[in-house]
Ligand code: BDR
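Next up: just one chain, as structure tokens, the form predicted alone.
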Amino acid sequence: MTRKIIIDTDPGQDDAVAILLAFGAARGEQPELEILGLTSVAGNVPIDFTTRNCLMLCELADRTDVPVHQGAEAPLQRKLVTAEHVHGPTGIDGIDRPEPTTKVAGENAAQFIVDTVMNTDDVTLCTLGPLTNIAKALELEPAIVGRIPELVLMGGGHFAGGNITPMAEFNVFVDPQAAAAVFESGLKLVMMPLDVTHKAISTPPRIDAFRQLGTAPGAAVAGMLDFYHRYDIERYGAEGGPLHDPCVVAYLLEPELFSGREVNVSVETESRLCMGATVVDWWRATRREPNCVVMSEVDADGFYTLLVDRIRRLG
């Protein structure tokens, strides 16, 4: 059965790979995914760049029929924090593509999410960046909670700690109030934290497998990862960097690649030292009811095999 999805994103090279993975899975006589739209949010870079990157990726995948809706330019209550030091000033440095010629759709991201969910059955939300647009959609129409079968997010950390502060992962740290609203909403959540993504390392042979596809999308993925992981290699001292956001789409395609536990997750919104931390009650210390499936393990070889296979379909 083809799964209908909306991708909420702040591209980011790893977001870009996730989007191309989804477009590849939407190809063929029996597509695995139907992409109803992309919604941009400020995060890795400001909103003008994240929106531009969504449009560019639609053109790269020859999917200009997929609408791009521009979303929040700032978090709910905080000043925007960005990550050009990781992603470069455009967010997807390492890709050699012309500026997009397609335009954004007129409806803002939060309203598009509400309208689509309320008028279409079984729409899964895939969130790859800060959760600002989702929190705004929940505020506009709380009834969407009962119509969304699953929200799969990249964000947070548990045993792995954080990557923007010692305790906080970037996507949650950028807008902790939005993340808290989502985790408290009653939505069925699946979380891909740093604990998983740091086990999905883009080693040189894995990056080269994309380059060897001999296609424009394959070359784009290889170029972006070459640029993106220079920072992680220096920071972590590993032979490659973690590939975060594609874990969300990979889970929709082959959930057996991942394993985890249903637990309670709360988001810290007040602490000076721990702002944006995801407090994962792995051992049920609080006895609070579980509200999220938190993944902890990934079959990294199977994950990269899936990525290469689906991106190959883009030609």
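Numbering starts at 1 and follows the sequence shown. What you are looking at is a predicted structure, and each value in this text was computed from that prediction instead of being measured.
There is another form of this protein, the form predicted together with beta-D-ribofuranose, and it is not shown here; the text below is about that form.
**Student:** Quick check on residue 53: any heavy atom within 4.5 Å of beta-D-ribofuranose in the predicted complex?
**Tutor:** Heavy-atom contact with beta-D-ribofuranose at 4.5 Å: absent for residue 53.
**Student:** Does residue 90 reach beta-D-ribofuranose in the predicted complex if we count a contact as any heavy atom within 4.5 Å?
**Tutor:** It does not: once beta-D-ribofuranose is placed as it appears in the predicted complex, residue 90 has no heavy atom within 4.5 Å of it.
**Student:** Indicate whether beta-D-ribofuranose has at least one heavy atom within 4.5 Å of a heavy atom of residue 244 in the predicted complex.
**Tutor:** Yes.
**Student:** Might residue 44 be said to contact beta-D-ribofuranose in the predicted complex, defining contact as any heavy atom within 4.5 Å?
**Tutor:** Answer yes; at least one heavy atom of residue 44 falls within 4.5 Å of beta-D-ribofuranose in the predicted complex.
**Student:** Can you pick out, from 210, 183, 170, 112, the residue that has a heavy atom within 4.5 Å of beta-D-ribofuranose in the predicted complex?
**Tutor:** Comparing distances to beta-D-ribofuranose in the predicted complex, the residue within 4.5 Å is 170.
**Student:** May I ask you to choose, among 163, 124, 116, 108, the residue with a heavy atom within 4.5 Å of beta-D-ribofuranose in the predicted complex?
**Tutor:** When beta-D-ribofuranose is considered in the predicted complex, the option within 4.5 Å is 163.
**Student:** So which stretch, 116 to 124, 170 to 178, 73 to 81, 136 to 144, is the one near beta-D-ribofuranose in the predicted complex (non-hydrogen atoms, 4.5 Å)?
**Tutor:** Flagged stretch: 170 to 178.
**Student:** Just give me the residues of 96 to 132, first to last, that have a heavy atom within 4.5 Å of beta-D-ribofuranose in the predicted complex.
**Tutor:** The stretch touches the partner through 128 alone.
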